[in-house]
Ligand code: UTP
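This document starts with one chain, in the form predicted on its own, laid out as structure tokens.
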């Protein structure tokens, strides 16, 4: 089975704790050791936001701000590569062909951001589409997809399962509201819908949750299931999907 995991920067390295990065490296190694091909996209998190806010105050334009964010995602990706100790590509892939080539070599393929105007949410969806991944997992700071921002609305309801088109419908109004917290961004949702990628959005603060989700489909987040999609046969012991 081929799995792409998007790890939010605030999940991987909220305070540059080496033990936390090492725990995520161990998680990835466990998935790969079970026979999966693994691609990883790492976000920028709070460190990226701090750089961007500082640069904005200094008069940087939006492309320059995006480049700062991309640079930070690649720094976080390098931390993870270091923790993987030779099991991953030597440096973060800067494009999808490069990332796919690492998978073909049998490496864990790690990348950060790619281009201005595109978040790592969208990069992960595009990477998954480009390599025909069986599963895309978003390890975020929120436990799944809700019908409203759970940080602002105590009555927000979590979706246990939804279609990619429903994900687009839920994320669309959130993307219009300043300060709203969408589980994945709108472009990522549209790419998931276009490609029909089976996806999981879950709370990644516990790295072990990613192992359970990727290898067995067990999690407390939200399944995004394309129409007429079956569970990966991998989860039922039938071999690679």
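If you're wondering where the values come from, they're calculated on a predicted model, not measured in any experiment. Numbering follows the first chain given and starts at 1.
Heads up, the form predicted together with the named molecule isn't pictured, but that's what we're talking about next.
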Options 49-57, 31-39, 190-198, 204-212; stretch whose heavy atom lies within 4.5 Å of the named molecule in the predicted complex: 49-57
Exercise: residue 113 in contact with the named molecule in the predicted complex, heavy atom 4.5 Å: yes
Partner proximity in the predicted complex: residue 222 to the named molecule, non-hydrogen atom cutoff 4.5 Å: no
Distance check, residue 109 to the named molecule in the predicted complex, heavy atom within 4.5 Å: no
In the predicted complex, residue 123 touching the named molecule (heavy atom, 4.5 Å): yes
Contact check for 45, 66 and 118 against the named molecule in the predicted complex, heavy atom at 4.5 Å: yes
